[in-house]
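Only one chain is included here, represented as structure tokens and corresponding to the form predicted on its own.
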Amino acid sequence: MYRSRPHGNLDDSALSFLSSVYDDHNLLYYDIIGSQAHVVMLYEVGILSKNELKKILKSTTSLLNEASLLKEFGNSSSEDIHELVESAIIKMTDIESGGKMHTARSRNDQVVLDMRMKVRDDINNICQNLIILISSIIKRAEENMDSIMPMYTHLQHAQLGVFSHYLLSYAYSLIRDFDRFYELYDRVNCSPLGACAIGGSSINIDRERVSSMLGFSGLIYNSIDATSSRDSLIEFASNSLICMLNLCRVSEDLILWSTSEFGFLSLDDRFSSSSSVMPQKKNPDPLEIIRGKTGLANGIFQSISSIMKGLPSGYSRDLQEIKPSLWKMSSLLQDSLLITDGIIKTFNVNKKRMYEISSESYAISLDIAEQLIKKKNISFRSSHKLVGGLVDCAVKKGNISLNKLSIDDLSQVLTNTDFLNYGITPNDLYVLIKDVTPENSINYRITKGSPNKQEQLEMLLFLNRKIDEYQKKCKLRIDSLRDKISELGFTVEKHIDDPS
């Protein structure tokens, strides 16, 4: 259709190689409403007659209501969705009317327009899904403030904590994901239309009017920037990858904790798979798929970045390959958020198992060391050495817990480490160790953000306030955009129904 200079048709294999029609199906809706706004503006500035406008708008409305018409009227040799829609409109009207639809625009600014409208909707959906997931995490955290469990570094017992502390750490990570997407929306929500191919148009169009009709907050002002830049779309991919990495960490934790070796929780049957041969198996397949999709997300981000590397200013056809990667990234993130929410809502926590492991763990060691510092006024390194000796003794006696060491054991440790000279008696040590129970281990922590109950309540208060704030902000943004698109629809209907 666009072959004004080249003669004849594209070679079939070349057309198949160039065409992005299949990958563009996600842009059909946006391409049509973008065209509606553009032609309304063309009418308002005197480029289209009332009759020409009505013909085009009727055709676009038909395509919106019945996309299958594209197969009937569309040109099978179309290279992309923009050409397919335009060729369909021309066949449904005529070349004199429909042929004016593309006045003062190019596929170069048109494709960026469509992508930005799609991505801003995806951002709103992702933000809503993040709010839902964070809310579910907060609810489960409120239920597990007293679920004492080991915390890990290097996958080894580190300190004792509570399950709510882990859950709230996920919520904080996802809050930052929300912030990244929410702030990105303003950078995405700018209209490139009217930049034309790269240098604007000699026709006096109204870029601001189209931008307003489509719910954009402003223009990408510079025409080269408008058609060449994809930084905000790369930022969308980057934000999506970061969010997937956060979901991957959640998934890995839940996979480990649901094993027989840990036994801290069990996944609901609705989010578990079975083995084809081993009848006892209950596999965390959805979590493993999230972990796998995170690798895919990383590959997509690298792919998009590589496509952009070395491109000159101005549109190059390489940019076409970004679209399917972006839609894949967006889809896998939204699916992963929904699945993670379902898993968080339904898993069962084995508080008894968590407490049993905590009671036997050497993760209480740092608490004992700090109590020694406070009560005996010794240096941290000295305390560290003494408690290390206690653990070494307990390990040699069969990995018994520290509170099962006898007075004789404690006396031997004090002798071996030269700590009798510090005025610390075996009985002092015995009483101190007995006092550092799992519950007291948590209660002793007084630093901000630690797992003690008061700090958990502070975090819950903060996160609940954040979620309330985010819900209101999201609703305002979504409602505002919906109102603008609805207003465009009313404008289209008014022009179609106008008898003049």
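All residue numbers are counted from 1 along the displayed sequence. Everything numeric in this text was worked out from a predicted model, so none of it was measured.
What comes next is about the form predicted in complex with a further copy of the same chain, which is not displayed.
Heavy atoms within 4.5 Å of a further copy of the same chain in the predicted bound form are found in exactly one of 424-432, 119-127, 317-325, 133-141, that being 317-325.
This chain is displayed alone, yet in the predicted bound form one of Asp408, Asp335, Asp418, Glu356 has a heavy atom within 4.5 Å of a further copy of the same chain; that residue is Asp335. Residue Ser450 is the only one of Asn26, Ser62, Thr437, Ser450 with a heavy atom lying within 4.5 Å of a further copy of the same chain in the predicted bound form.
Contact between Ser223 and a further copy of the same chain in the predicted bound form is found at the 4.5 Å heavy atom cutoff. Remark: Met459 counts among the residues lining a further copy of the same chain in the predicted bound form, judged by a heavy atom distance of 4.5 Å or less. For the chain shown alone, Lys54 is not a contact residue for a further copy of the same chain in the predicted bound form, no non-hydrogen atom being within 4.5 angstroms.
Proximity of Lys397 to a further copy of the same chain in the predicted bound form: non-hydrogen atoms within 4.5 Å are absent; the residue sits far from the partner.
Of all the residues from 388-419, those having a non-hydrogen atom no more than 4.5 Å from a further copy of the same chain in the predicted bound form are Gly388, Val391, Asp392, Val395, Lys396.
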